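The chain below stands alone and is given as structure tokens, in the form predicted alone.
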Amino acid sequence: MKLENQTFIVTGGASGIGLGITRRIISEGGRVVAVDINAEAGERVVEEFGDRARFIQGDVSDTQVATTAVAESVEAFGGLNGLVNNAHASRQKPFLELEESDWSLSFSTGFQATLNFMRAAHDELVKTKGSVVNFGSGAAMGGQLGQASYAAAKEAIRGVSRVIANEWAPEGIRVNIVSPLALTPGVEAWSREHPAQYEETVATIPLARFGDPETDVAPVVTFLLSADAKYMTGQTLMADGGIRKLY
């Protein structure tokens, strides 16, 4: 197994793509400290995985939550091998309708949270020559309507990730980005509310479907976390069915 006896923090790790990543890491022999604002979802993770998982409830924009997650990794499992910054909340609105609170929500839970967790995890990742996986978005790269605050935060994450990949490379820490297109609970709800738009979107995906969080997106993340990707850093991998190409 790729991640045998290794420990990882996954933000938003109790639902959606994050839950898929948590499950995949554990299936590959790893252990997870899942950070999520949803206490009930977190309790289900602990019930499902027992002593292979720990749960930290909290808002990822709070620096103390990041510090607590790293401390839990060390106390419960003896160290930290990797970090997945998946959590991100935002509101979809046309640019001119976005208020300061909308920008704050996206940047605090996305960009700032990513910085918080990377700062908190750095010293432990140095010890293990660990790996960080941050998240970008095709909505940002393609300029999707109504996604200004989300797109801006995601591109900020990609930009800072490339810089940190260069800065931390001498310490043996790798930093990469995954840009997914997945059938999350939110996308499923949208597909029911707007079936015509959903079908139009599916028609633009070369592989003709949204990805599964656990079987399509999570394997890309676990690859980047593993020694199989030991010669990769600063890269953006598109786990999106081919809908967007980077050259």
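Residues carry their position along the shown sequence, with the first being 1. By rigid core we mean the largest C-alpha set that fits within 1.5 Å across both forms. The structure presented is a predicted model; accordingly, all values stated were derived computationally and were not measured.
Not on display, but discussed next: the form predicted in complex with a small molecule.
Novice: Among 185, 195, 29, 206, which has at least one heavy atom within 4.5 Å of the small molecule in the predicted bound form?
Specialist: Spelling it out, the residue with a heavy atom inside the cut-off is 185.
Novice: Can you pick out, from 9, 17, 225, 25, the residue that has a heavy atom within 4.5 Å of the small molecule in the predicted bound form?
Specialist: Selected option: 17.
Novice: In the predicted bound form, does residue 164 come within 4.5 Å of the small molecule, counting heavy atoms only?
Specialist: Judged by the heavy-atom cut-off of 4.5 Å, residue 164 is well away from the small molecule in the predicted bound form.
Novice: Check residue 69 for me: does it contact the small molecule in the predicted bound form (non-hydrogen atoms, 4.5 angstroms)?
Specialist: Although the small molecule is absent here, residue 69 would stay clear of it in the predicted bound form, with no heavy atoms inside 4.5 Å.
Novice: I'd like to know if residue 59 sits close to the small molecule in the predicted bound form, meaning any non-hydrogen atom pair within 4.5 angstroms.
Specialist: Yes, residue 59 is a contact residue.
Novice: Heavy atoms within 4.5 Å of the small molecule in the predicted bound form: does residue 160 have any?
Specialist: Because no heavy atom of residue 160 falls inside 4.5 Å of the small molecule in the predicted bound form, the answer is no.
Novice: So if I measure heavy atom distances to the small molecule in the predicted bound form, which of the stretches 69-77, 85-93, 122-130, 167-175 falls within 4.5 Å?
Specialist: Of the options given, it is 85-93.
Novice: Rigid core fitted, is the C-alpha displacement of residue 189 between the shown form and the other one 2 Å or more?
Specialist: After core superposition, the displacement of the residue 189 C-alpha between the shown form and the other one reaches the 2 Å mark, so yes.
Novice: Taking the rigid core as reference, does residue 49 move its C-alpha 2 Å or further between the shown form and the other one?
Specialist: No, residue 49 moves less than 2 Å.
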